[in-house]
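Take a look at this single chain, the form predicted on its own, given in structure tokens.
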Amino acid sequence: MKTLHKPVPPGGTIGIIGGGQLGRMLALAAARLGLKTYIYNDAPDAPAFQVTGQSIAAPYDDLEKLAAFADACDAVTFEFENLPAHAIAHLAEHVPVRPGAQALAITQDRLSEKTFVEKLGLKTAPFFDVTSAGQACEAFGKLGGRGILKTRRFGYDGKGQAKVSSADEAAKAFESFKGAPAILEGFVDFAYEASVVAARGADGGFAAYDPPENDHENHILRRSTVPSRLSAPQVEEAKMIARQIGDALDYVGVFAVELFVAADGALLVNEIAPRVHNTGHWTIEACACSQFEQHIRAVAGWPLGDPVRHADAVMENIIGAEVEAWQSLARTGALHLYGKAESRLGRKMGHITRLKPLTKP
């Protein structure tokens, strides 16, 4: 296996597993630093293929293709976490993979993730393992109120989850998951949602962006706003939560911690995303070093960039048919379109960021 004792120099190649919009923006950030990218995606119409010199379309569990891909790269990362663990382990036999297999294994399973967070002494909603309809009923009884049943693996933008307000609903929800292992979480009556996007370098260095306040519609992120309503002490607490998680995972790269902000000001960890994150897209325009450049820096072993923002920002997702208004959108802010050929209901087609003069959180 190649060892990454020295930083990948300009002209080196960063491999990216996944060719969606996150892979696309990572490739653009790498190009700014003089680094090449090689994109591996399981379908040939990946948006990231449009902006890279090297790409391959093959299944994520094709070990022979993955090995050849790895051998052509100096370091490898990924843009989404739902990848076969054995495939990532196989990659790591050939090339440094950042973040590592441990971080991926913990964060791609909601039960292991919540258990990990709880052991760190951080606050979460109450949760219970559910592997049968009977266990779903039993867990609901322990919950003492409303809950959300979620599949332990996969699922994003509201997929693979159901709100439940009785033991019978919990059992039926589990059956709708067709036997997939699940987790029952207590419903959090939060004041609003926030997140912290942070980076950890190979040398243990840490950098966190100001936490945005996030609004969702139909379980899909609609907008992220900085500064948020978080007080200065809450901002520091959010960043410390991220640092504690990053250190415990021995993480290398950018990650996000999604937070519920309770009415009393308490910060509860909802989820960890081991990758660049939708709630950090505003950093492209509002910071000298975006989350995408920051991730490439960490993966390549470069020094982390300065995460301080120089403007207030509101980032809004462009979803489905909204992309048809691209001309009017282009007049109102920094427009990013992801190069997806077809708009579908609930599909993120791009985003737009609008800046204002800086105010402090």
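Note that the structure is predicted; figures quoted are calculated from it, not measured. Numbering starts at 1 and follows the sequence shown.
The same protein also has a form predicted in complex with a small molecule, omitted here; what follows describes it.
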{"item": "Among 171-179, 226-234, 255-263, 134-142, the region lying within 4.5 Å of the small molecule in the model of the complex by heavy atom distance", "value": "255-263"}
{"item": "Contact label in the model of the complex: Glu285 to the small molecule, heavy atom within 4.5 Å", "value": "no"}
{"item": "Close approach of Asp247 to the small molecule in the model of the complex, 4.5 Å, heavy atom", "value": "no"}
{"item": "is_contact(Lys150, the small molecule) in the model of the complex, heavy atom dist at most 4.5 Å", "value": "yes"}
{"item": "is_contact(Gly186, the small molecule) in the model of the complex, heavy atom dist at most 4.5 Å", "value": "yes"}
{"item": "In the model of the complex, the one of Asp109, Glu193, Glu81, Asp74 near the small molecule [non-hydrogen atom within 4.5 angstroms]", "value": "Glu193"}
{"item": "Selected contact from Ala92, Met240, Leu120, Ala125, since only one has a non-hydrogen atom within 4.5 angstroms of the small molecule in the model of the complex", "value": "Ala125"}
